[in-house]
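First, one chain by itself: the form predicted on its own, in structure tokens.
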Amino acid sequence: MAKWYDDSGFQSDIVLSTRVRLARNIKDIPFPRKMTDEAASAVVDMVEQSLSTMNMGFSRTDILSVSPLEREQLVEKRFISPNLARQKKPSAVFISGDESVSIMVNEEDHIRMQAIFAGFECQKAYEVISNVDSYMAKNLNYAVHQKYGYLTSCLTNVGTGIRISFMMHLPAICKAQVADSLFSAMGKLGVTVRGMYGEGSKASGYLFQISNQMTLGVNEKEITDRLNDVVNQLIAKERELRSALHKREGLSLEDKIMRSAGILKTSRLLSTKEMLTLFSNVRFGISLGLIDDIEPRVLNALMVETSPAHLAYGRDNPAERDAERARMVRTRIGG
């Protein structure tokens, strides 16, 4: 199975990826913010033991044993959160052999497990992570309340503990200046909009994370159905506005798109910000049928592989990284 960032899936011209995450804690052990280093180490070992006989090839990475740069690379691949990268207590991430599943230990909760796939693949991601959760539950005594459900350190995750996130490319909605009103209406439905790296991050290249906000008082099917409905409406609106924008701007829009493709194929220096802007234009062009020699999955892979931390080894200044980023982009999409 290909890595999420080197693959394509359903509706992948708009939905880059789907992530389903479950938050769990172990009974009678304080939440990470209150636990001792000894308890934190014990939780990591307990999770490792619970996975030891599972046939998914999990590898363990202890966060305190790797450099800040390596932690940032894990964030860029979306294996861990920025919060776990800053963790001072013993903590770890377990990554499956095919990199579709990662399990953070001692982030905000004892366990945050997630499955991530390319495209609009909610059911697939949910089934995979549910199987992992069921397997771990055989060996771990989760903290569960008969009335409230799974207990978590943050009240917004109490209940099912599920968080479903879609990374979406929404340039037409933004260019039509209807994003604020749409996102505000979504908030009233319990759906939140964040930047591409989640809470606290900014949107770049018109990429957003769309996810459910609450997990208490609703079951997993209700959360999934509601969020799928919202995402389907966003997809339909984005397609409608893309078509309208193309009709209105015509050659002007096509020129911007084709110039962006040309810059990517020939440039010698590319900053992350400029690359994401150009990628956004090219993705738009692919969806309109104007570009047929660049695949969205290649853009996804480059978005990760040319991230700042991935290019930092042996390159001391931004110009060196910008030059290597441009070389990698030229090689992958320019032949």
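Note that residue numbering follows the sequence shown and begins at 1. Remember, predicted model here, so these are calculated numbers, not experimental data.
What comes next is about the form predicted in complex with a further copy of the same chain, which does not appear here.
Undergrad: I'd like to check something about Arg86: if you look in the model of the complex, is any of its heavy atoms closer than or equal to 4.5 Å to a heavy atom of a further copy of the same chain?
TA: Arg86 lies outside the contact set for a further copy of the same chain.
Undergrad: Although a further copy of the same chain is absent from this view, report whether Gly195 comes within 4.5 Å of it in the model of the complex, heavy atoms only.
TA: Residue-level check for Gly195: no, no contact with a further copy of the same chain.
Undergrad: Using heavy atoms and a 4.5 Å limit, would one call Ser267 a contact residue for a further copy of the same chain in the model of the complex?
TA: Ser267: yes, in contact with a further copy of the same chain in the model of the complex.
Undergrad: Although a further copy of the same chain is absent from this view, report whether Pro82 comes within 4.5 Å of it in the model of the complex, heavy atoms only.
TA: Pro82: no contact with a further copy of the same chain in the model of the complex.
Undergrad: For this chain shown on its own, do Ser252, Arg259 and Glu274 all sit within 4.5 Å of a further copy of the same chain in the model of the complex, going by heavy atoms?
TA: All three within 4.5 Å in the model of the complex.
Undergrad: May I ask you to choose, among Val191, Ala179, Val218, Ile263, the residue with a heavy atom within 4.5 Å of a further copy of the same chain in the model of the complex?
TA: Contact check passes for Ile263.
Undergrad: Heavy atoms within 4.5 Å of a further copy of the same chain in the model of the complex: which stretch among 113 to 121, 126 to 134, 146 to 154, 244 to 252?
TA: Checking each option against the 4.5 Å cut-off leaves 244 to 252.
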